[in-house]
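One chain comes next, on its own, written out as structure tokens in the form predicted alone.
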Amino acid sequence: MKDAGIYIHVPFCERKCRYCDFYSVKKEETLLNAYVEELLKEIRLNASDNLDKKILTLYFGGGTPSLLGASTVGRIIDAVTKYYCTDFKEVTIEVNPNSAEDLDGYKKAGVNRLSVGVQSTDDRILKKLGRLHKAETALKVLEKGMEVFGNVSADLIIGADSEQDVSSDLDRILPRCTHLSSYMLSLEEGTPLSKAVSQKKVSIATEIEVLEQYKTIYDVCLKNGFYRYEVSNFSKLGCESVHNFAYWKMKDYLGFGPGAHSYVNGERYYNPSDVKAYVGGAHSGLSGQISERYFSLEEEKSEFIMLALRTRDGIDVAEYNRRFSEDFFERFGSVIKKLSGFLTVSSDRVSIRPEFLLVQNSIILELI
């Protein structure tokens, strides 16, 4: 059987953050209930086409998945277990600190890993980002999450402010978690924060300041026993995200819910980002998904290389040879020799040296 993961997109929020362009809508109880019933249908209808897959991970993302409530999360986990071959190594739910009251309930429902949207421990920056919670609330959720699950990831945004003290953020966050995802703030067109910056109502960190913040994160994490295993992800040994690692290794994953993407047997497709259309049947269970453009074999190779080089492990040469039926070193030997100062190369693996991971794009473009 092929190992695979399932991603559940929960498109509801109490209020959209000022920087976010992910698909989400304001929570309405009637619409949420209809969404859940359609989600259970999509999960069931897809099962017969995926009998060859063993589901190792389940990830509830959003939106704000914690708005579902523990009993509903339990129904969804039970449906996946009923219709698919499962051997869960990891079941993660994302929570916002202001809607994370029933962590014990999620544990009883089958969740074993928590991902908390902390984003900052500075209330001034949280307000700037449009977050609903206060820093102390987030820290309390991290503490409770460690008590309940023992495996907790914290999200931290850098680049929101030139005076952002990421060292102070980490001093407060790292003792309360086992995993850190640190993302550089991206100004997405049409978001309130992007408009405010363009109108010079607010300012964000410069590119040089962001790089300094990232370097601080790398150094502080290393000193605290968190190693970088992917460009934006740090963890204690054994606490890496199994689900996300499957993305980087181009394993199969099924996406359920409006806007959810899937990669199955080499085919990429996604559900329309419209929850009202979704409850009307516009999803993969009823052949309402949208297929992405065809990816050529060369594009597949490039994506395999690009995703692998984001990680500490780098390219598994044997896996590349098996997947694409060609010798990696015969194909790329000359350019690897040219880039040798930036790479760590052995007979079975090629990776970017840690000090050059932030300029990975230039290295990858040269390679592919």
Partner chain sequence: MNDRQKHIRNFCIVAHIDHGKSTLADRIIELTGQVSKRELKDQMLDSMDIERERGITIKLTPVRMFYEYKGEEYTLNLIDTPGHVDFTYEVSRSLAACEGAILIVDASQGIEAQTLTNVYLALDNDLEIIPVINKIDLPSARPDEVKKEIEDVIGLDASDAPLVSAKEGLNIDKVIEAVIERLPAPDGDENAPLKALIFDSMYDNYKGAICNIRIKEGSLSAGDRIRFMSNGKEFEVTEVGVFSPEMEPVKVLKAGDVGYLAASIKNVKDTSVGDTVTNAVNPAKEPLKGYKKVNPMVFAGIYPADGSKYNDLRDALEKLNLNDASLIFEAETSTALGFGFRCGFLGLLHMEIIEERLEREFDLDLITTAPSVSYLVTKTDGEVLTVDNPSHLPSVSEIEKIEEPIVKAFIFTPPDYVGPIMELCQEKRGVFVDLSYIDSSRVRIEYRIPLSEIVYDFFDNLKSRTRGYASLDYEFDGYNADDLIKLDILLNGEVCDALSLIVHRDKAYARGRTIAEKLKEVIPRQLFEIPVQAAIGNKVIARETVKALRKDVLAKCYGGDITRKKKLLEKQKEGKKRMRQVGSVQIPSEAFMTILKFDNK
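Residue numbers count along the first chain shown, from 1. Source: prediction; values computed, not measured.
Although not depicted, the form predicted together with the partner chain is the subject of the following passage.
Visitor: Please tell me whether any heavy atom belonging to residue 366 falls inside 4.5 Å of a heavy atom of the partner chain, as the geometry stands in the model of the complex.
Guide: Looking in the model of the complex, residue contacts with the partner chain include residue 366, since a heavy atom lies within 4.5 Å.
Visitor: Can you check whether residue 342 is within 4.5 Å of the partner chain in the model of the complex, heavy atom basis?
Guide: It does: once the partner chain is placed as it appears in the model of the complex, residue 342 has a heavy atom within 4.5 Å of it.
Visitor: Although the partner chain is absent from this view, report whether residue 301 comes within 4.5 Å of it in the model of the complex, heavy atoms only.
Guide: Taking the distances in the model of the complex, the answer for residue 301 is no, it never comes within 4.5 Å of the partner chain.
Visitor: In the model of the complex, is there a heavy atom of the partner chain that lies within 4.5 Å of any heavy atom of residue 53, even though the partner is absent here?
Guide: Heavy-atom contact with the partner chain at 4.5 Å: absent for residue 53.
Visitor: Check, residue by residue, if 188, 232 and 362 all come within 4.5 Å of the partner chain in the model of the complex, counting heavy atoms only.
Guide: Every residue of the candidate spot has a heavy atom within 4.5 Å of the partner chain in the model of the complex.
Visitor: Among the candidate stretches 248-256, 168-176, 219-227, 132-140, which one is within 4.5 Å of the partner chain in the model of the complex when only heavy atoms are counted?
Guide: So the stretch in question is 248-256.
Visitor: Which one of 196, 277, 211, 146 is close to the partner chain in the model of the complex, taking close to mean a heavy atom within 4.5 Å?
Guide: Selected option: 211.
Visitor: Could you check which residue among 318, 31, 47, 306 gets a heavy atom within 4.5 Å of the partner chain in the model of the complex?
Guide: It is 306.
Visitor: Any residue of 266-280 with a heavy atom within 4.5 Å of the partner chain in the model of the complex counts; write them all down in order.
Guide: Heavy-atom contacts within 4.5 Å come from 268 alone.
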